[in-house]
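Given next, in structure tokens, is a single chain: the form predicted alone.
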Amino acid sequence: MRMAKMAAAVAEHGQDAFRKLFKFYKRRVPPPDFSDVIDFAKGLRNEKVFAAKLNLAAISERDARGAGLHPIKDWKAYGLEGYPGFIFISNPFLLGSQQHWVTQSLKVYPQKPNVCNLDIHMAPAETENIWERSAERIRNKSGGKSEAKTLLEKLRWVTLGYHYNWDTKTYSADRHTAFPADLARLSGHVAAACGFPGFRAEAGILNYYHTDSSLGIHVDESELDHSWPLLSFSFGQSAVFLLGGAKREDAPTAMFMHSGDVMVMSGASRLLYHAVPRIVSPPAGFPAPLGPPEEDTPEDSLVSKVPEEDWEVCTRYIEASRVNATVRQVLAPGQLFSAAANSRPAVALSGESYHQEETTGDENPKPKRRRSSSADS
């Protein structure tokens, strides 16, 4: 394959193979060749892809339906040769149930006391009601490029539970709010199906992507216990995801993430370099998260019908955007933060997350510092 040969040539000369392929897929002119990007929606058509085993008895069909999921026996789960512990679940969501998770990600999860990138340059009162300050304008947008962006469209990240500190790259007991119960339950179900019963959703990062967005090369290693998996939920537009090795010199494997897809990184794959160089439109005819949830959901279902006026806003948003939620367990059972971590004073947010427009050649790349949110594009 063309990309495999390129990666081998790069590695032979001691260059950063990951960065080379990141720049290749990020390139606009000429556009990259996507023929080597694995598409799990096509099943076992790639020689590196194999069927992954799940625990079919982990959750009942009723509990799965209550989270908007198909029964585990109907999930299409895959592994990748060379990546032990990596599981890719191709859209296990029931038709219409993605509406709930998209709406929660745009309307509910950005609410205070959760933290977002807009808090860096704006007063708390200005970011108190992001949805209310944005919804009507999004409904009435004409699509012109000169239109000013709403606060919702300026969102780049939101943190949940133990709030990740972008400066120190740590979590601490004094930066914590309640983790959303519905997302915690969904995550627990997926983790149990993948062999991790007892998983506790303690921290989450939501990334909001637009057509020109990317996610820099990084490793998620700040959690104190790495024996639990990293879960990733994708909604909206598709993306090219790169999964590499333990070193930057290791060439990554490229794959598509479509709306509804779930990734689980555990075991040896838990601490691998990864990145998102590009947002792309889903394939023609690919099912969108449209339509109301099925009517026979349990009474205690997490998923409920989204008001039409809310879904109108969400639809306008995800027509050109993608939302990704990564969920992590930070602490081992019974583990506490060290006294040093608990006594560390809170550091002001700098906004220098790995959600960025360009990468550097550093081992731990930092994005360009953004200007004030009012000027953010």
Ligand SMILES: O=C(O)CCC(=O)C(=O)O
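Everything numeric in this text was worked out from a predicted model, so none of it was measured. Residue numbers here begin at 1 and follow the sequence given.
Although not depicted, the form predicted together with the named molecule is the subject of the following passage.
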Listed residue (264, 201, 160, 215) with a non-hydrogen atom within 4.5 angstroms of the named molecule in the predicted complex: 215
Listed residue that, although the named molecule is not shown, lies within 4.5 Å of it in the predicted complex (heavy atoms), from 88, 228, 235, 241: 241
In the predicted complex, residue 93 touching the named molecule (heavy atom, 4.5 Å): no
Any non-hydrogen atom of residue 101 within 4.5 angstroms of the named molecule in the predicted complex: no
Touches the named molecule in the predicted complex: residue 116 (any heavy atom, 4.5 Å): no
Partner contact for residue 76 in the predicted complex: the named molecule, 4.5 angstroms, heavy atom: no
Contact segment among 68-76, 271-279, 117-125, 183-191, judged by heavy atoms lying within 4.5 Å of the named molecule in the predicted complex: 271-279
Whether 109, 156 and 330 all lie within 4.5 angstroms of the named molecule in the predicted complex by heavy atom: no
Members of 315-332 lying within 4.5 angstroms of the named molecule, judged by heavy atom, in the predicted complex: 322, 324, 326, 328
